[in-house]
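As a starting point, one isolated chain is supplied in structure tokens, in the form predicted on its own.
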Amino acid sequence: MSTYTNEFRRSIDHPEAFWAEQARRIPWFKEPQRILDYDEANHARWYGDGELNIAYAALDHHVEQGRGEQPALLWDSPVTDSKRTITYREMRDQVASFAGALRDLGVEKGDRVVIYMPMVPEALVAMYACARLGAVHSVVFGGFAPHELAVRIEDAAPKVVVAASCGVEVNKVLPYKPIIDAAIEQSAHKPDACVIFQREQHVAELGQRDHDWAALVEKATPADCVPVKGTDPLYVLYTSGTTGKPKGVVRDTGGYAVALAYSMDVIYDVAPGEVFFSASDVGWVVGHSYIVYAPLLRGATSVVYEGKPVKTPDAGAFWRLIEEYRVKSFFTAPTAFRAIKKEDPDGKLLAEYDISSLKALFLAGERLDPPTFHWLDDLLDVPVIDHWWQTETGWPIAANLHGLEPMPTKAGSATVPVPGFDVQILDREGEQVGPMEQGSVVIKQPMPPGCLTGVWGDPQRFHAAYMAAFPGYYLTGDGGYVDEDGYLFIMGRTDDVINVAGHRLSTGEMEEVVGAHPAVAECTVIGIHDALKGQLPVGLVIPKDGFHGREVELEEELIALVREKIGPIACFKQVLVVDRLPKTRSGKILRKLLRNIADGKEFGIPSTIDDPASLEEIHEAMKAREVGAAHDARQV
């Protein structure tokens, strides 16, 4: 039996023994005796009687073990022409001091703190400071529009908001304070205080509820680590929901710490003292797991990058970072390499750098399309590893386990399920299908440590969204199949959440914004294939009666509205004004059919359609406006 097969079978057949063994990877204040429990809804809960603090496990513990002078963070910011190295000792001390500052503002165990910051070391300091106090952080991507920030503030009800004075992009400074003030004004919940980290690129004017980061820290007494239960929440991270209301994914502390420590070893093959680089953002789950927590739990060094794959200054940015910091393992989204490929199609800039330290490239956040896989595989002399996971799971569901038993890669596949994840493919009746048959990708209970334990403030939504469709299974929301060799292929979402450059966004939420325009009678938003970003949203709009041909003006207004309410990250740039939308007789818009037309796929006319002529009209409109590959679509 292979190393992988043996490890996987142990994790599925004897989960308590397997995860008791993995729990020894982290330092506990009180080692858990009850490894696996189930709550009243029969959902798995791990390490319920254990006590720990993840800030201690990731910082204090390593200082005590003699790693105090080792770099914990390497901050590289080409947009501000800045670099910093922060050792484990320095990081521990900064976290303890800021935790003391938060404590002075009344933050206690169980309180929430919303963090709205760019990719600066202080963002990580704030997250660890919350964890040190046993407070629950909720990080919101810096630059999200006021409405989106307001929704999260209202839902999480934070005692304090921590923010930077600005974000810095290529040749652009975005002040954060006006966004924060507008969000708090819109929110029914008002935080007690805001802490502003002032950046020299823009100094914010402080109001009555605002406090200067540096001034607070200067007078604070460093805080000790507060013990928490293994099942106590560490953070709430919002992900798009199909209803338009974001879901606050709740992550526990003990299971998450164990899962991340395990993954750094068996998936990413990173040892203490080695350098790991994840080109993501702390606003996303990848940033939480593989910039902030996992590398430091492992005793490794994490690269924190405030820049882009291109334009900062060119398409060689990643290669420069790998050479300069001797990165062993690198993780980013496929869309980053599509941008690099677009600017440097032959990979000529790679020749300028020595990336011999790199042993593996990992990609996730969206499906790694075969053309991008082959381009990278031809360019690099290291394994190119596609792996698949979700905000909800917090760490990979399927991967090529580089640190356990590397396997041959297959284009389009995330390879095999990670130990702990009993992945199955079910048909609509909940029956398992055979090899090469597509169906719903599900995970049989119990979910392994590290996965979500609920939706913040809404346990019914947690069960309805993830557990109700197939009792005894977690519904991933993705469709796919397993081939004859056991390799898993993820083919795409089965709901209306689309993946734009690795960011999951709800088309339902965009429809809500577009439909609120006074001139719009009905609308739909679909995600269509895009070679660079994976998917892009396109709006189809039926104007209200009395609308007299101001199509260009309406399109511009709708694009601006989505930008205002959701943010530029939605990449909502194309609207078609149409006379009617294809629907079933029961009134359901045929979104999948519209996507097939836009993507140039063959499409048939379903028997349930109410108005077949509407399809041809949409097809012609898409061709005329050059939406996606609609000109190639063929009716069958």
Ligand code: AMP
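Throughout, we count residues from 1 along the sequence that is shown. Small disclaimer: the values here were computed from a predicted structure and weren't measured.
Another form exists, predicted together with this ligand; not displayed. Remarks below refer to it.
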Spot the stretch among 440-448, 387-395, 344-352, 263-271 with residues whose non-hydrogen atoms come within 4.5 Å of this ligand in the model of the complex. 387-395
Suppose contact means a heavy atom within 4.5 Å; in the model of the complex, does that hold for all of G365, R493 and R504 with this ligand? yes
Is there any non-hydrogen atom of D478 lying within 4.5 Å of this ligand in the model of the complex? yes
is_contact(S187, this ligand) in the model of the complex, heavy atom dist at most 4.5 Å: no
Does this ligand come within 4.5 Å of any heavy atom of T239 in the model of the complex? yes
Is T231 near this ligand? Define near as a heavy atom within 4.5 Å, in the model of the complex. no
Heavy atom within 4.5 Å of this ligand in the model of the complex, from candidates V541, L401, V285, V113, belongs to V285
Ok, T87, N499, T409, S77: which has a heavy atom sitting within 4.5 Å of this ligand in the model of the complex? N499
